[in-house]
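Just the one chain here, the form predicted alone, laid out as structure tokens.
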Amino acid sequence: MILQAVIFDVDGTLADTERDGHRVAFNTAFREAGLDWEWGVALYGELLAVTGGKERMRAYAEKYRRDWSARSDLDTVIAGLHRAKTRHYLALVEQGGIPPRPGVVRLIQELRKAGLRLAIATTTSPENVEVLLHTTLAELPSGTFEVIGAGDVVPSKKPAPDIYQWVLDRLNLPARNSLAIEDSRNGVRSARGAGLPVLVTQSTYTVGEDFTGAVAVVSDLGEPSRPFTLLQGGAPARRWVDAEALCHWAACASGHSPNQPSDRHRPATVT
């Protein structure tokens, strides 16, 4: 097989945005609207089982605010809250308070040099992706990600495979030539549903989740000076994720023996 593309999730994968980013922005939007809703750290972890901000608010109302769930204008209210939440989240990120996760910038730069194509598949909004790219990941050149699948571009969000299928269609690649990097069970289910092998980098809110189907689970992407901890599956010789390591895991997922990645002018190859 030939590994030609790596597709990244965003929240929890590129940066640990959930606890001190999205959660804070939701609570600010609620207070601004005069609501007494407050999503604490533990409650937000529970709500993350539902992907998508609007969907998460609806699930919260149905479980904890039954009077709200029956409102005829609930869709309109949720849409307004989500717009406000996005505005507050963008302001938080622009303040520079959310760093990239370990190894993220290094890995993306190395994958570009190795000639692999890069894409994003996420349930977060396009605005959230753009501000993260322009602030937290400002070291990366414009156009680093060839395809960005985000928000409501597909009808069903993760764990449905729709967003990965949408990205693969635009890359014009079969799943067997791509690999996904995720941080959650829902992300694994989504990528595997589209036929992609998945590497998991466990994040704050996904500790202890069931990552069945992932080719490996690591603590983070690691650095040469700060190796990752292997939590599940096999590991390549190095203990930081690079193009060679991804080829190793892609080969393991396909039942082949890994080979070295190619130079920057050709896709990385495993046979």
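Start at 1 and count along the sequence shown; that's the residue number. Note that this is a predicted model, so its numbers are computed, not measured.
The same protein also exists as the form predicted in complex with xylulose-1,5-bisphosphate; that form is not shown, yet it is the one meant from here on.
Screening 95-103, 191-199, 117-125, 136-144 for residues having heavy atoms within 4.5 Å of xylulose-1,5-bisphosphate in the predicted complex returns a single hit, 117-125. Contact check for Arg56: a non-hydrogen atom falls within 4.5 Å of xylulose-1,5-bisphosphate in the predicted complex. Contact check for His248: every heavy atom lies farther than 4.5 Å from xylulose-1,5-bisphosphate in the predicted complex.
By the criterion of a heavy atom within 4.5 Å, Gly52 is counted among the residues contacting xylulose-1,5-bisphosphate in the predicted complex. Using a 4.5 Å cutoff between non-hydrogen atoms, His82 counts as a contact of xylulose-1,5-bisphosphate in the predicted complex. Residues from 6-45 that approach xylulose-1,5-bisphosphate in the predicted complex with a non-hydrogen atom closer than or equal to 4.5 Å are Asp9, Val10, Asp11, Glu18, His22, Phe26, Tyr44, in the order they occur in the chain.
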